[in-house]
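Quick heads-up: it's one chain on its own, the form predicted alone, in structure tokens.
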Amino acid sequence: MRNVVFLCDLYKKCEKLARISWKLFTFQEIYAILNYIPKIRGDYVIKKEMIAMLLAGGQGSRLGVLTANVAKPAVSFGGKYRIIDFPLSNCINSGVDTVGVLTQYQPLRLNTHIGIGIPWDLDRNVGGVSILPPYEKSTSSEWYTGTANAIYQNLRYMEGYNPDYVLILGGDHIYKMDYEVMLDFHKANHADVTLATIPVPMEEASRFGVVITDDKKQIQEFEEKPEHPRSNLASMGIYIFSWPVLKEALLKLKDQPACDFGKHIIPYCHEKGQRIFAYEYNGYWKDVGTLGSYWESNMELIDLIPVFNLYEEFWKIYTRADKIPPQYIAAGATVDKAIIGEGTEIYGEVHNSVIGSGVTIEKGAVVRDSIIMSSTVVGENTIIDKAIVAENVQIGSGCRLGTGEEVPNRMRPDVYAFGLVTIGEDSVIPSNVEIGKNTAISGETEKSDYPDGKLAGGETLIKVGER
């Protein structure tokens, strides 16, 4: 069995070489190797150059009723995807095959969607995708209290791969990025930390962490959401750390309440004089943290020349796909400038909208400038203008959504804005009601919930879920 011992030694040094070498061995030797591999994984450390830690536990409260029962990264996007599909696809397209997904808020749908990572080719024996919820320790039990605290609580997971570099990602942005190019930039500059940055309009810079760099892109100053920003180069919440630097910072700040990368880890590294660089990204990137940005980014998918192209062959976005029938467009139906999901039946009209899978738009119904998520039914002769309708909603016949003038929402004017009608998942809208702009509805509503058959602009009707 000399060959077995030899291969096991190679396995510890180079997983890829071990895979190639399988054909050199007999069945008996392979059986012995498979029995020995758990010992390798337990007694020694599996080496990965770079692993990714994907923060996907956020509630996304600025999306209102859309995230009442689902984490923000699991919200539908573009008719067939979920928001988390984009960073996961970026990982596998960039050659990052080990991803820890940190979940916390309403994780069920996210966990079900990711599964063992098959759609993204992340179902690996060594590496692949791992769901990392908070868990009870022998000495304590606590939720993730900040972005860096969440990473710290999974220190043992990272140590198991002994990476050279750790990539920190958010799970709630729409973009395509080759992380390998960013890693090359990190290596070329002998950086300790690299932040992905993007130029933003100066009037929006106060919403982000902003950096000031020298002519070599080394960061001289970092300000987290400054009231009066001195730069428009914003942090995207994407970081590459050299592993010893990250580990030391996490251990040093482990007792910091609500430890966060932007507020604590990056300033700590800066104060220590470590080499922190800004990798400037100039592609499409959208933080879909508000209903307005979420609606806008979906509408951009259906532009004549899309700013963000889902159809590029060389950088595919992967997702879990259900086995459902093809779409059906009835005779007399009208579809103009729209994305239509599989299994959807259209008997009415759709204009400039994104329609998910398994949706039914009945005869005489008109949908304009709207997002209709999967398994929703729009009744006969209902007219919808500029709405976001979540999954599995039943809208009766003869309704009017998005009528009248814009009035600020009385309950949450910062959330339910942009002239939108927002309807949470599993909601029921009775027939022949009228709903104004900047409104929100969640739950099984009845005709009696609508005085004079109307929900006036700026009102909120929440019978279940988010308030």
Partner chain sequence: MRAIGIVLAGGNNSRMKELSNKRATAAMPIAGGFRSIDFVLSNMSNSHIQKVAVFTQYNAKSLNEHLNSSKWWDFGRKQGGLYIFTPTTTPENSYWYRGTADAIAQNLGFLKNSHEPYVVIASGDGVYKLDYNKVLEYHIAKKADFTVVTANVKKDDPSRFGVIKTDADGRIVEFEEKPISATSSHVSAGIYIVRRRLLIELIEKSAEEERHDFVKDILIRYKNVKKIYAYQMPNYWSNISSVDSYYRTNMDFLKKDVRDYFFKEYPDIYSKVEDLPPAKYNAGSSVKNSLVSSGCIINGEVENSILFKKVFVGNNCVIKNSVILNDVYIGDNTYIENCIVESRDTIRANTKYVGENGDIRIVVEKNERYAL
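Positions refer to the first chain, counted from 1. What you are looking at is a predicted structure, and each value in this text was computed from that prediction instead of being measured.
FYI, the form predicted in complex with the partner chain isn't displayed, but the following is about it.
In summary, the region of this chain contacting the partner chain in the predicted bound form, judged by heavy atoms within 4.5 Å and restricted to 225 to 233, 299 to 307, 241 to 249, 125 to 133, corresponds to 299 to 307. Contact between residue 340 and the partner chain in the predicted bound form is found at the 4.5 Å heavy atom cutoff. Taking non-hydrogen atoms only, residue 325 approaches the partner chain to within 4.5 angstroms in the predicted bound form. Contact check for residue 184: no non-hydrogen atom falls within 4.5 Å of the partner chain in the predicted bound form. Proximity of residue 321 to the partner chain in the predicted bound form falls within the 4.5 Å heavy atom cutoff. Taking a 4.5 Å heavy atom cutoff to the partner chain in the predicted bound form, the contact residue among 155, 212, 335, 92 is 335. Checked against the partner chain in the predicted bound form, the candidates 280, 345, 178, 369 yield a single residue with a heavy atom inside 4.5 Å, and that residue is 345. Residues of 78 to 92 that come within 4.5 Å of the partner chain in the predicted bound form, judged by any heavy atom, are 78, 79, 80, 81 in sequence order.
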